[in-house]
Each structure stands twice: as C-alpha cells, then as structure tokens.
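Encoded as structure tokens, the following chain is the form predicted on its own, with no partner shown.
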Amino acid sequence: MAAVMPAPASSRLLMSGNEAVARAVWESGVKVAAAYPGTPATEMLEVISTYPDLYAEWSVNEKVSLEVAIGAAYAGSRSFCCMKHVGMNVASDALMTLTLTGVMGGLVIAVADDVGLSSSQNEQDSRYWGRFAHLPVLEPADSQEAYDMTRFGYVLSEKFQVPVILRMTTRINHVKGLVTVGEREAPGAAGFKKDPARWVMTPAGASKRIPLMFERDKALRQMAEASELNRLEAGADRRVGFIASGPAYMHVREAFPNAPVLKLGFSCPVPVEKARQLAALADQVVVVEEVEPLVEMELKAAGIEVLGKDILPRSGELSPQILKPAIARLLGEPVPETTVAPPMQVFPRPPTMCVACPHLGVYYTLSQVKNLTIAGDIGCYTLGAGHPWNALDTCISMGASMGVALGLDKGRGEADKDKRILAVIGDSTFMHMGMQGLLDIVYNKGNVTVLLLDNRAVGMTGGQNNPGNGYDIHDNEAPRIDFVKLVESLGVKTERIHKVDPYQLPVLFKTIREEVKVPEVSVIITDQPCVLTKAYHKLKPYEVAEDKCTGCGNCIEVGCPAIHVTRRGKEVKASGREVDLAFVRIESSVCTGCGLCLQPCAPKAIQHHEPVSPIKLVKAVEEVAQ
C-alpha cells in the first residue's frame, strides 16, 4: 500500500478500531511492525504500512511475526505485532518464554478475538493469555480507547519491561468512531546489550527469571487497582451492578443506563478490590464478559458473590437483546416484548467462491473423482466443503491438511484400504505451516496426494502479498518462491510434481485421477492468480444461448456465482425415468470469461457474449414503438 501523509495532531478522524491502533502505533514511535493476515486483525498492519518512518512486514506466520517484534524490542526499539485469536496459538511458543525475558523497547501485541465466529473455526478467549503468560491485558471498548490504550500500552510495557496484550474483538476492529489523534514521537533505539543470563533462556537462566515474573505480577496488580482504565460508575438502580469490558461494556450501558458498573480497561490482573467496591453499591453483581467466565471465576475465588455464565450465554456477543431478558428473569420481571420478537427471515446466502475463482475447477473436479478422502485447510478453498461441490472431509487449522492426511493414511482400517487420500492447501497456508507437514509426509513415506492451490495471494483476508507472488507489503518486488523447486527440496520426486492450469478441466481431472493411484507422495500445483488481484486479467464474457440450452445443469455444478437458474423443469426419458432440468443464464456483467462453465456444457449452449451496440438498441426500440 502506498504511503500517505498522516493527518495532523488534534484532528478528529472517523476510524475503525484497527485504524485507530495503527495510528497510535505510528505516534508511539514504533520502529518495527510485523503480522500475518487474519480477519479481523488484518487492517492494522495494512494501515501501519502506509505510514512513513517505520518498517512493516507481512511475515510467513504469526510465530515469525512475534519473533521479529521481539528482536526489535530486544534492540531497544518499540515494536508491534498483531494477529487474530488463533494466530496467538501459533505464536505462543515464543510468547511463553518472552514473559520471562521481558523486553527493553516497548512491545504491544494486538490480538483480535472473533466473538460470534464471523470468520473463524473457533471462538477462543485471548484474555487467557494474560493469565497463562503473566502479562497485562488492556481491553478497549471503542476506537478512541483502542487508540489511547495502544499508546498507554507502550508506556506500561517499558515501565515493567514486559510485552502488553491489547485484546480486541471484531466489534472493535471493524466499527468506526471519532478519534482525536496526536503527534508522532521520535523513534529511539537503545541498542542491544549483551546479557546472556536474561536473553539466553536455558533452564538455569529461566529458573532465575521466574521469581522476577511473580514480583512483576504483584506490581501490575497494584497498578490495575489504581488505574483510571478500571473505573467505577455509580448508578441509581442498585438492584443489579455489572462488571464488563470491551464491547460488552457498551452493551451494558445501552441496556441499563442507570445501573452501577465497573468498567474494566486494564483487565488483567483483575482489580479485585474495585470489584468489592462495586459489590457494595449493588444488591447483585453480574459479570458480563465475552466469552469465557474468566473474571467471574477469579472474583468467586476471591470470595466475591457474582453471577455470570449461569444466566448468560457461553458464546456469542452479549448484546442488549441478550442482556435485557436475562436480567428480567433474574429479577423476576416480565421479559420485554421487544427482545422476544422472532428473528427476521432473510433469503439464505451461504458463502461461496468468487466468479471465476481458480479454485472452482479444482472442487468441481474433486467432486467428480470417486473414492477420495479429502483433508482440507484454512483459506478461501475451505468453501469447497459447501454446495455444490461437497468436496472436503476435514478442516482443523492452518497447515493441518498435511498431518491429517498422513494420519488418515497411516490410520486407515480395512474399510478404508482402497481409499485415496488427498490434501488440499493454499500457497500462503503452505508457507505458513504446511511445509513441515509435507516434509513429514515424505519422511514417513505417506501415500498422499497434495493439491497445492497457488493463487498468488492471501486470498481469504483480502489478497495480501506473500513470498509466493514476488511482492512485499508495499507492492515492491521481492524474491518469489518457486513452489516446484521448494516441493522438490522437501523430498518429493521430480516425476511426482505437476504444475497445471486449474481452468483446464480435462488436464486437471486426468492429473488428479492418475496421481491418487500412485502409492507414494505426489504434489499437484495449480497456477492461476486470485481474480480479485491485479495479476488477474479478464477475458471476454460468456452468455447462454437459450435455444441451445437443454437444461442439463452441468454448468451449475461448477459452482460459479455468475450462473443463475432461470427456470426448472422435468423430462421423461425413453426409459421412463424422470430427469430434473435447470435452465440457466450467465450474468455477463460479472463474467470474466474464464471458460470453466464452457467445458462441461454438452450442447455447447455457452458462447461469447456479444454486447448490443447503441445503434442496434435504438433500432430495436423504434421497431417496438412502431
């Protein structure tokens, strides 16, 4: 992304939480920022990369991005790292030792939790990492707080020489609000100072750092109790008091404006004494937290009587529509009618792939190949599990298709002895965590066919660059990985590596059918760019000749959303069997001319779209008028 001139200090800007964090990172004098794309966190680094005077990179995975940030912080520079919640699972190996070494320059780690599972395979609560790794956790409730807490995070980090977790959720990441911004601090770098007892974590060195970590916990707890980020708000309605953080606080304030509330911004360590003060202001206390009962259990352990997940849902956002009926039941009051209205009925719109997506032909082909067990992975191609392909059997985590496929091979029983095992993985996911899995398959002589879908982008999160397309985060040229050589270097035999065009269905079908029969590891690399990137070039669109369409519906099975069913019918064959027919049209305005639908069309009813010229259109109108 191109660099921009930052708005001047004191400007009030409409910003999402992601944009607010990015601005605060720049203002804090950060020198190094690193991340791997992951919704809802992606835009933080995208925006940071547009600011001048700092280094930003897309790393190959979250662990590497955190390690880059750690190195910069060891060198005395301020650094930043961001990821979605499942990314912290990948980075946790480094995190759990970083808590012992600490840092020199400030380090803020922004973790975005996907409450409600908008775009994730689970709904984990990243506040656990604060407890697990003995780190302070800050929780903003809007864009202004995201900005303020990021800036405060660097002060806190350097005061205690510890990384700080900024816990965000989708509601904060993507919702916009007004933010008043300031000036950029001059970046500083004290330089790396050799200290093996601190920076080289051997068992002997780590054991000496653990008592220091516990002392830090005590100091952080005292600071949390005194922090203005944890504030008591009095209320006239004493029947129920609330403890909440992040977006849940906003929902509480909207639903119960007159209730006493303890708003947690510096939420780990939990300010237990402030919670006692709130308990003295209310008859009952309800902890409203998304999503796990962390604060609830800690307060109960401290002897404070609170309610929480015994009356509130264990998953999803705690909106006023959820809170109001729950509290009404608690108080023995009638449930408000506005909260029990039936949900709005909308036409189902399941997620699907883009028009002309190069993965369409892959899944169409896989749906035609019999006797396959298919291990899937994380990316756009996960959608291959859906209609009309139904061509994925497992999906766990980034890179898991490799190990799962090997396990399916080695763990097969008599009922599966004739099954072919195939793994599907994207280019970015392969570099993120799949390479090790393929090496494991080769080393352990697995009978697995790997489909490596190279669309030259991190497609699911917006088409970001990666080492596979030859451009960095600023769109500058960078070394490009040769997947054929990479796969070969991991031990796959040259004759078992095939590079194919996923739009050439006969070639793709033949290659897959032949390779799954080979009793050793093989890799098929598809090579066409994501249709939403600048590397893709549209061709002349197609349309359906209605007089030739027989309604066979073969083109629908490709799954391209540019193809629409116009009417359905039935036909009775000579044998007496009734066959369903589906007559279709192609939305030529969005068709890119990839030709996928053309190939399974038996009657050749699909042809190039010929737009009507303005002159012909005028003549047609005149004829109708006459």
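These numbers were taken from a predicted model, which means no experiment stands behind them. Numbers for residues come from their place in the sequence shown, where the first is 1.
There is another form of this protein, the form predicted in complex with a small molecule, and it is not shown here; the text below is about that form.
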Check H359, S428 and N455: does every one of them have a heavy atom within 4.5 Å of the small molecule in the model of the complex? yes
Flag I378 as yes or no: does it have a non-hydrogen atom within 4.5 angstroms of any non-hydrogen atom of the small molecule in the model of the complex? yes
4.5 Å heavy atom contact, R78 and the small molecule in the model of the complex: no
G559, heavy atom within 4.5 angstroms of the small molecule in the model of the complex: no
Touches the small molecule in the model of the complex: T461 (any heavy atom, 4.5 Å): yes
Only one of 596 to 604, 45 to 53, 580 to 588, 30 to 38 has residues with a heavy atom within 4.5 Å of the small molecule in the model of the complex, and that stretch is 30 to 38
Only one of V270, M398, A133, L505 gets a heavy atom within 4.5 Å of the small molecule in the model of the complex. Which one? M398
Picking from G106, G87, G308, G437, the single residue whose non-hydrogen atoms come within 4.5 angstroms of the small molecule in the model of the complex is G87
